[in-house]
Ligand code: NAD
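To begin, one chain is listed below as structure tokens, in the form predicted alone.
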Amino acid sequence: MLVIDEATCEALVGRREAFDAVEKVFAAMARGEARNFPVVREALGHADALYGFKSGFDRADMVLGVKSGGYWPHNAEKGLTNHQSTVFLFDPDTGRLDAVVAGNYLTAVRTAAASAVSIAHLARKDAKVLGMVGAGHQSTFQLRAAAEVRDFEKVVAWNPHPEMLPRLAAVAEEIGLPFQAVEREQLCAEADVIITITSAFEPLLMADWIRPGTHIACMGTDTKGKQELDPEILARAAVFTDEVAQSVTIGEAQHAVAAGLLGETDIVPIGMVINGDHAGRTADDEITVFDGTGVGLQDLAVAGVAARRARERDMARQVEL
């Protein structure tokens, strides 16, 4: 059995590898060759934490496993990231534990890869301004990944705690993009692509603020009750997701569906766009939304890459059970 730590994961899985792995697994899901199992996600009743399991099997790439972990909102005070997780990979032929893979970095890079995949396939080709809503740990991963799939000329950003915005400004400067902190309504007035990556439980963006042609990658809503968008935005948009079952139950679409503004059949798996079975964006003035709920197969895909590359390069500890 391999044991792969955080530093090794960072050395083995970059943004390009994560993008390719996530795009590939979304395509496999849409073909019926990969399946997520039901998510278990519960409040611990301790440390205000959410804890759960995401698992699945990708028959196309022969990856079987489970991610265990969750969200500890007070970790930043302890110098730790709020999201903590570990991925366990099993041999699909025997069920034996094959690898234990640190999941914190991989969770951030796979989440960013998912929004980047949505931007690559759904945003207008001439998108020039990127709007960032949220400035937590994952926001910098999101910014870097988005900048690699469109030629943005500017970043505008908002965060409920403005003192956190300098971390995004530093990344924007590093990659050569002008950066401006703005209010939410101005952000929507300027941005061609908007990424929301918060832990909000109320709408942060309102429908009347969104310009025609905007693409929104909604990446923060992954639990029942969470919300980042006015449900009317989804009612007016073409809505895509990683997995429809999660979108309508724990994703951003849960609120529009509950309000009767959106039906389950109105939501398109992004894998269908990747495979060429759906057109995706149909007009330059169409609003598109990607409801990125975060599926277990994303975690398994990037952990599988880490495990394969670790074996090839002899970069992981071997442990006998």
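What you see is a predicted model, and the numbers here were worked out from it, not measured in a lab. In this text, the rigid core denotes the largest set of C-alpha atoms whose superposition between the two forms falls within 1.5 Å. The first residue of the sequence shown is number 1, and the count goes up from there.
Below, we turn to the form predicted together with the named molecule, even though it does not appear here.
*Asks:* Could you spot which one of 130, 135, 87, 113 gets a heavy atom to within 4.5 Å of the named molecule in the model of the complex?
*Replies:* Looking at the other structure, the residue within range turns out to be 135.
*Asks:* Name the residue from 96, 125, 161, 74 that puts a heavy atom within 4.5 Å of the named molecule in the model of the complex.
*Replies:* Checking each option against the named molecule in the model of the complex, the one that comes within 4.5 Å is 161.
*Asks:* With the partner left out here, if you bring back the named molecule in the model of the complex, are 36, 55 and 243 all within 4.5 Å of it by some heavy atom?
*Replies:* Per the other structure, none of 36, 55 and 243 touch the named molecule.
*Asks:* Do residue 180 and the named molecule share at least one heavy atom pair within 4.5 Å in the model of the complex?
*Replies:* No - in the model of the complex, heavy atoms of residue 180 and the named molecule never come within 4.5 Å of each other.
*Asks:* Does residue 247 make contact with the named molecule in the model of the complex, using a 4.5 Å heavy atom cut-off?
*Replies:* Heavy-atom contact with the named molecule at 4.5 Å: absent for residue 247.
*Asks:* Given that the partner is absent here, does residue 226 sit within 4.5 Å of the named molecule in the model of the complex, heavy atoms only?
*Replies:* Result yes; residue 226 sits at the interface with the named molecule in the model of the complex.
*Asks:* Just to confirm, residue 292 within 4.5 Å of the named molecule in the model of the complex by heavy atoms?
*Replies:* Because a heavy atom of residue 292 falls inside 4.5 Å of the named molecule in the model of the complex, the answer is yes.
*Asks:* Could you tell me which of 214-222, 149-157, 169-177, 229-237 sits within 4.5 Å of the named molecule in the model of the complex, going by non-hydrogen atoms?
*Replies:* So the stretch in question is 214-222.
*Asks:* Scan 17-51 and write down, in order along the chain, each residue with a heavy atom lying within 4.5 Å of the named molecule in the model of the complex.
*Replies:* Sequence-ordered list is empty.
*Asks:* When the rigid core is used for the superposition, does residue 105 move between the shown form and the other one (threshold: C-alpha shift of 2 Å or more)?
*Replies:* Residue 105 C-alpha, core-superposed: shift of less than 2 Å.
*Asks:* Comparing between the shown form and the other one on the rigid core: C-alpha of residue 72 shifted by 2 Å or more?
*Replies:* Yes, shifts by 2 Å or more.
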